[in-house]
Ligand code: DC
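This document opens with one chain alone, in structure tokens, the form predicted alone.
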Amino acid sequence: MSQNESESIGPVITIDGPSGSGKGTICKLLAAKLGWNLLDSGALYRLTALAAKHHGVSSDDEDALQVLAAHLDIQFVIQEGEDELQVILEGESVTQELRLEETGNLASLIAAIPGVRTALLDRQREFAQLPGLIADGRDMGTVVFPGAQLKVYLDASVEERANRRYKQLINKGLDASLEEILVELKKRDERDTQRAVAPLKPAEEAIMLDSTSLTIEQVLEIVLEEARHRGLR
């Protein structure tokens, strides 16, 4: 499917930003509020990272990683009576493993590889179906959906982002170190912003939002108001 074909199918709102900025939460709330489709692009890179780990593929083996990315055997399943989306990779549930810091760090390394990004590009664009799409990622507005009707760049201080991630992991019953999370976020930010292909940066026309001192509800209302101005709801 070509870029123009995919973008003409339905309107797109992109939410880009660094890890821990609140993109995932806001995107889920937006998709529910508008009744639109949701693309968690980070999950695709994390799934590629897990597939590489499961198959013993090195994070610098571009050819093998490109093949894995192009042929991911994945399913997203909502179990009756459960709120969390279940993620199935090659027939095995990886929902918890997908959100580990180790997985995110490996995904950040893999996301810098041009062949992997190319392999996943069309797959991401296929999500642009009616009635519309909320796209969560790092290059949604700059590369994947450059024609999106609304682009948002959501940020927060690295200290606040680390604290949010720490609380998220603790609430899930997982071991976590705030100090280690802060160090890893700083490394991930550097990788994501400095990579040669599709670096993390705001689209020229993006609405800039710093959520450091904002509640989830406040961020959601700002984005919804921007959507109203554009006739998207």
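The first residue of the sequence shown is number 1, and the count goes up from there. If you're wondering where the values come from, they're calculated on a predicted model, not measured in any experiment.
Note that the form predicted in complex with the named molecule isn't included here; everything after this is about it.
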* **Distance check, P146 to the named molecule in the predicted bound form, heavy atom within 4.5 Å** => no
* **is_contact(R138, the named molecule) in the predicted bound form, heavy atom dist at most 4.5 Å** => yes
* **E184 within 4.5 Å of the named molecule in the predicted bound form, heavy atoms** => no
* Consider S19 of the chain shown here, and say whether it contacts the named molecule in the predicted bound form, taking contact as heavy atoms within 4.5 Å. => yes
* Which of 97 to 105, 67 to 75, 146 to 154, 159 to 167 has heavy atoms within 4.5 Å of the named molecule in the predicted bound form? -> 97 to 105
* To do: Any residue of 169 to 194 with a heavy atom within 4.5 Å of the named molecule in the predicted bound form counts; write them all down in order.
  => R188, D192
